[in-house]
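Have a look below at one chain only, the form predicted alone, in structure tokens format.
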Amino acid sequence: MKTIIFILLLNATNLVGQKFENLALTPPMGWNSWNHFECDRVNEEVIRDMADAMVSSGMKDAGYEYIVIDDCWQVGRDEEGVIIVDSEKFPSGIATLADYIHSRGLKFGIYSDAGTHTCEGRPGSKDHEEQDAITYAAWGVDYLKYDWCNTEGQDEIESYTRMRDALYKAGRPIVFSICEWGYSKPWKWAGEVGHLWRTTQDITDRWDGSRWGNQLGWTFILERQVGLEKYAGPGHWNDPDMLEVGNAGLTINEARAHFTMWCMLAAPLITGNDLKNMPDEIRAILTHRELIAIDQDPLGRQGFKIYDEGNFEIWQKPLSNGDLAICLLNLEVRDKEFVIQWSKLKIKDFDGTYAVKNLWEDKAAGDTSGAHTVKVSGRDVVVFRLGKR
């Protein structure tokens, strides 16, 4: 392994630092270990099981491709500074695990931190950026989530740029996920550094509110995306954090609304549930082809709010070929009835008459020439795709 790393380092010395282009041209889709397994329960068997389940569940066929190990795979550094894998959790090593994931037709992701230590106290990459990047390239890593714990005195742009340059020098195309929690407004600078950047603190499996002050319910995170749409596009995405769909704190209505709004935001769809023991109703949400098509639309436009009653909102997402996605979000516990006057909704670039399809009900819903009465269940959504006639 050290010989391979040395050769890669020699080949990388003359490369100019930049991020890899032509990656993440649509929002990345995959799975991450943290939301369900956290630190104590993540191990090699879990990761293999999740890769197998991604394939057998139909998620791979629906577009999910990354299997990402979050924190707690590393335990130290050797005398030469090379990162040491936790051999109890990952007895076959990371490279062998990556090979297995690739053999399933998937891509492999890993986690590190810009500071001295990760959020769970494992070795961070500060002052080891090039060494770690070379190691990840040798292991076959395709995606790096890079956190921001234990970074006292560090500058965000400088720290993330150092790892960006190291990844580029290592020579293996790796999607770079910036996890700085939005403190430095990364949407203003991270487009030249990474392929996606977190816009807020961590998500938790709650509808609203916060847990411990730094873990937010998903509707709180949603409201903080308002106004950020101009910064997103192919190869550079706002990241409102991973999906909590399928975890215990959300009802089915809440999970469906959560997934839908992340699709409307053109957000990365990184699931965080137990794929191996996933109920059919959760699988149906996560693999809904027409919602995924909204998220993955090649135009790459992030959705934005066009109507707000406080606890009832309407969002729009422009799509390719002149289509539009319109989502009605009911934040109340009680059901909501709403009469849509399409021509009065202030839909941007609304031009002419559109055929209307209700995506969750999978049925045609007339056209936009007249009024449309809609019932939106409590804490749920109705989402339409409008197609030009």
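From 1 onward, residues are counted along the sequence shown. None of the values given here were measured: they were computed from a predicted structure.
Beyond what is shown, the protein has a form predicted together with a small molecule; the following relates to that form.
Check your understanding: Hey, of 140-148, 283-291, 248-256, 86-94, which bit sits against the small molecule in the model of the complex at 4.5 Å between non-hydrogen atoms?
Key -> Only one stretch passes the 4.5 Å heavy-atom test: 140-148.
Exercise for review: Have a look at I110, M264, M242, I101 for me and say which one sits with a heavy atom within 4.5 Å of the small molecule in the model of the complex.
Suggested key: Answer to the contact question: M242.
Practice item. Check each of E313, E129, D71, D205 and return the one that places a heavy atom within 4.5 angstroms of the small molecule in the model of the complex. Key: None of the others qualify; the residue that does is D71.
Practice item. Answer for L216 alone: is it within 4.5 Å of the small molecule in the model of the complex, judged on heavy atom distances? Key: No - in the model of the complex, heavy atoms of L216 and the small molecule never come within 4.5 Å of each other.
Point to revise | the small molecule contact at W181 in the model of the complex, heavy atom, 4.5 Å | key: W181: yes, in contact with the small molecule in the model of the complex.
Point to revise | V193 within 4.5 Å of the small molecule in the model of the complex, heavy atoms | key: No, no contact at 4.5 Å.
**Study point:** Partner proximity in the model of the complex: R198 to the small molecule, non-hydrogen atom cutoff 4.5 Å
**Key:** Judged by the heavy-atom cut-off of 4.5 Å, R198 is in contact with the small molecule in the model of the complex.
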